[in-house]
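Just the one chain here, laid out as structure tokens, in the form predicted alone.
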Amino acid sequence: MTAKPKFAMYWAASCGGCEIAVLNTHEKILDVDANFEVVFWPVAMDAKYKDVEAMEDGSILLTLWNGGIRNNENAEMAHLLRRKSQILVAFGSCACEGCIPGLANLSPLNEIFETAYHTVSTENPQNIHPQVSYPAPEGTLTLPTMNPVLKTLAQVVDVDYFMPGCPPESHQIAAVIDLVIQVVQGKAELPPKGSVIGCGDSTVCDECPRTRNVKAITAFKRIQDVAPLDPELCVLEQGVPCNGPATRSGCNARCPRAGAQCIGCYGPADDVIDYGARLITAFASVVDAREPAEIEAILDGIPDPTGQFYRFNLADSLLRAGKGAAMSRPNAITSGGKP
């Protein structure tokens, strides 16, 4: 009996939504079990790093990696699973772009820890901070060391394919599972290395059923300040910042269909070098003003420019990080939360 090809999935710096999205494929998850031997999936099975280390290099056919690289443990696992895997997929926005955790790249490590352990949302009367190591009676306990900035998977190791989404849509995951199974069975071929899979090849605007007319925006507003939204008209044309013009299709425009603006979780569309720059250009092009000062005043109506233009993409953008974070030292947080 021929052995099944091996499958692995790993969760790094992310929220875990990608894991749930895989389970949301419902019966399709049974196809994974039927066609693959699941050898490493810590969230779903008892698996140890040493088990992966003992495997032959290249013995895992497919690894789905979700999450960015935030600490030295993430980086070590990325290198390990790269060696053991024939196909490594950056799965979800955190792995592809850095996503929400990547916004921490705007702040140095000491500020991140200061906020976490010394603000009103934290009860910490004993001033306890995480430390890299601690001499316990059972032996020295260790915690991963935070890196100065979060990196995407491709900034650390070679990646074969990219599957965007926060999380990827379940129907897209199912389609990719079907493709891989067909490849294993010799009925299909993989796309070229480096391809973005499980998504469309256009923009969210092209999937959106809302009517687009001549755009003439005189002010940008928060969606809660526009009541009610016209259910038929383009969200952006109603003055609500919508990232559809620069965002890759594949989600079936779920947010605009539901009366909310696209926030960009499927990442940049094809040929977009910098997601934020493309959005700034798109927004500026639809502003109904001619004088620079007037245009600037309208664009200033966007309440959170960083969150609007780089919510999911900062770590993978041309900016990547703020100066303070970029100049942080890897071992800055070792004792007392102070560098």
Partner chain sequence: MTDTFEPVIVGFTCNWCSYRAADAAGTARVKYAPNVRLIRLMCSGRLDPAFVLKALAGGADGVLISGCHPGDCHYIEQNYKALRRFLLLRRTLKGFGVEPERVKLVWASAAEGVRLAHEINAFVEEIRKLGPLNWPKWDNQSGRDLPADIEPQPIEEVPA
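Positions refer to the first chain, counted from 1. A quick note: this is a predicted structure, and the numbers were derived from the prediction, not measured.
There is another form of the same protein, the form predicted in complex with the partner chain; it is not shown, and what comes next is about it.
Residues of just one listed stretch (171 to 179, 146 to 154, 187 to 195, 224 to 232) have heavy atoms within 4.5 Å of the partner chain in the predicted bound form: 146 to 154.
When the partner chain is considered in the predicted bound form, only one residue from Ile29, Val43, Val38, Ala289 comes within 4.5 Å through any heavy atom, namely Ala289. For Thr306, a non-hydrogen atom is located within 4.5 Å of the partner chain in the predicted bound form, even though that partner is not displayed. Remark: Ser14 does not count among the residues lining the partner chain in the predicted bound form, judged by a heavy atom distance of 4.5 Å or less. The partner chain in the predicted bound form comes within 4.5 Å of a heavy atom belonging to Met77. The closest heavy atom approach of Glu73 to the partner chain in the predicted bound form falls within 4.5 Å.
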